[in-house]
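A lone chain, given as structure tokens: the form predicted alone.
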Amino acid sequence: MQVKDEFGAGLGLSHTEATRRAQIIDATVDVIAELGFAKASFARIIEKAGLSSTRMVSYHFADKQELMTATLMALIDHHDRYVSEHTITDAGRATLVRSFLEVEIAYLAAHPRQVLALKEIAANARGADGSPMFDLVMHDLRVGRLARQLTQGQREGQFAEFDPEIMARTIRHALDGLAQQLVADPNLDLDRYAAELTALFDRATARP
């Protein structure tokens, strides 16, 4: 899977420490994707990573909260790198929705375990006061970025009039539904599903 730990890149770690840290994060992604956030114990993570003791996890991460923060940041970086590498940057804003959906759907298909782990951490990680840890970060990743692009497209006259926040949320919910469908049916005709979604939101955002 090799989710790079760019979040820890500035910590002054040796090559060995950085490699071990990345190994633990990669194992954490696997465990969460397979068993869910609640069952992602240090014991299960070291077993998945092929390490000998939970002390090897606690050496690099003070507690589960710190490990989950590092894992989430690594997953976001993994997603953003994929999107950056696969998005056609010279496409006009009028093709934004189609391009966004195509790249996000391709990421879902290529990296379903990372998608599952990201959602599990975002939905379940809690701070000391019991409040969700990553609400603001996840809102920006899932909705905020697209809403800002849709708003700018409206200002440029590329899109119809609609509420950008609601449209961005609706698009994200459609992608979430596709992710769930992929888990239930790995043989899903992804090309057909993607074509239907892109056509649907093309019509929903297009100028009359």
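Please read these numbers as outputs of a predicted model, since none were measured by experiment. The first residue of the sequence shown is number 1, and the count goes up from there.
Below: the form predicted in complex with the DNA, not depicted.
At least one heavy atom of Glu17 is located within 4.5 Å of the DNA in the model of the complex. The DNA is not drawn, but in the model of the complex it has no heavy atom within 4.5 Å of Arg155. The DNA is not drawn, but in the model of the complex it has no heavy atom within 4.5 Å of Arg142. In the model of the complex, at least one heavy atom of Asp63 sits within 4.5 Å of the DNA. Distance criterion of 4.5 Å from any heavy atom to the DNA in the model of the complex singles out Ala43 from the list Ile166, Ala43, Leu35, Ala160. Listed residues Gln149, Thr54, Gln180, Thr69 were compared with the DNA in the model of the complex; Thr54 is the one with a heavy atom within 4.5 Å.
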